[in-house]
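The data below hold one chain only, encoded as structure tokens and taken in the form predicted alone.
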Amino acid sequence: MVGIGRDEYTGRVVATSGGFLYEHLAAELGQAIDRGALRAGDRLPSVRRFAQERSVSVATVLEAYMRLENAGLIEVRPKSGHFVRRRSALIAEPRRPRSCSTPSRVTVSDAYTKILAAMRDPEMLPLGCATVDQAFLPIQALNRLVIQVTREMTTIGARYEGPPGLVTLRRQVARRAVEAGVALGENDLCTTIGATEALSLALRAVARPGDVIAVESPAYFGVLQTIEGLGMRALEVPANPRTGLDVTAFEDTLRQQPVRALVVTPTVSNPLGSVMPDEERERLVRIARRYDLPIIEDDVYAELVFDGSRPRPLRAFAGPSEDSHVLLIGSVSKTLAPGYRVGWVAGGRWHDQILRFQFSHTLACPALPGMAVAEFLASGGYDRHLRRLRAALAGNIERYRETIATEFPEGTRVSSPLGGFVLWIELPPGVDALQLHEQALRHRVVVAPGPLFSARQRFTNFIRISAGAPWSERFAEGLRTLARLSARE
């Protein structure tokens, strides 16, 4: 007879001497799971059927399944049966960073330019680029709308579509904002060339060079780059992998030193994929109002919460639109068409300043892509597309986490995002993310190293990867390559 146990060093299921028949069955199934003969999500035979196949009692099979369940290898789904458990459910999430008490000048790593260059090289595996693959996007439908709009409006392009921008687009964005709980009208919005311009305009409206801007940590490196370009300083506030910005730590920061504004992504942050609870959103808005502090809310991932919910933006808790201290930023770059560069900002009390800055900076937004997006939003096709996209991305994230859980070296931690398509990975101590980035490039794999996500170049053993492309053996091999390189560091 044999029993079920685990190797002290590898953690794999092994047979042990002695034991009862149910232990023998449990060890056999456990080894099949470890070898991959039974994969995550596979349904095990029903208790009665397995008992018949092995000529054992139902009680013996039940005991074997219970042993596997206690070992974390299988799970029971009510009215469905026993299934091989996804190992990604067992892998720990990255640790919350320490608080940072002093602001700093921002210096974005040169790795950023290499990531951008890799986006244009089809031979590179784009694990470092936070974009959705065209296979998941309705590009052909949008392009047909562009042709239709061009035919119907023969004078398009004959005049500037100056601030606040295309009225049909603003109307559709305002309609969706109202559905999300934000009382916005078309006149509260200004269209922009993507969310990047919206962020730059918002920061210019509320702050000046040298001012301190609070950011969640880790922070999207595009935010840090914009702060750097405007000559401002960043102060990092720790974020929780599940609930986002630590509001208590943020309030402590405000008591200790002057901060000019906060940039935050409460719904599906990049790179954590966290979602701030409603009570914390309301609390954050109250704190900011007490200190008369502008909040720039990045809402670009809000439509990608996996369960289809649409959390209310901070702006929904912030009072009348014309006097709001929350500037709300959005775009379709993460959900619909990154190349169309269609974004917007609801500037609240800084609305007029934003219009003036945009007029002097870019004069106007391209009309044609904005018209196509407005038509797509009005048609109802956007919501159908989002349902399919969320399901595809959730499946991708689970596959990536599963591979990381089984292939990466012991001590690896990975985020469990509630939406979006990026994963934040904490590698074992001693792994240098910048060196790993360079080594991976030589294998034609692109990752975003952790120091990019910190003004102070922290997160030296972290990387962010994107799961925005359809799963394939090529991506599986890319992850295995990263695993091998990480193990050698």
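Numbering starts at 1 and runs along the sequence shown. Please read these numbers as outputs of a predicted model, since none were measured by experiment.
In what follows, reference is made to the form predicted together with a further copy of the same chain, a form of this protein that is not presented.
Figure note: of the listed segments 220-228, 248-256, 272-280, 383-391, the one touching a further copy of the same chain in the model of the complex, with heavy atoms no more than 4.5 Å away, is 220-228. Proximity to a further copy of the same chain in the model of the complex, defined as a heavy atom within 4.5 Å, holds among 196, 403, 396, 172 only for 196. Between a further copy of the same chain and the residues 185, 319, 339, 308, the one pair within 4.5 Å by heavy atoms in the model of the complex involves 339.
Using a 4.5 angstroms limit between non-hydrogen atoms, residue 160 touches a further copy of the same chain in the model of the complex.
At a distance threshold of 4.5 angstroms between non-hydrogen atoms, residue 349 is out of contact with a further copy of the same chain in the model of the complex. By the criterion of a heavy atom within 4.5 Å, residue 83 is excluded from the residues contacting a further copy of the same chain in the model of the complex.
Proximity of residue 209 to a further copy of the same chain in the model of the complex falls within the 4.5 Å heavy atom cutoff. Residues from 327-363 that approach a further copy of the same chain in the model of the complex with a non-hydrogen atom closer than or equal to 4.5 Å are 333, 334, 337, 338, 339, 340, 341, 356, 357, 359, 360, 361, 362, 363, in the order they occur in the chain.
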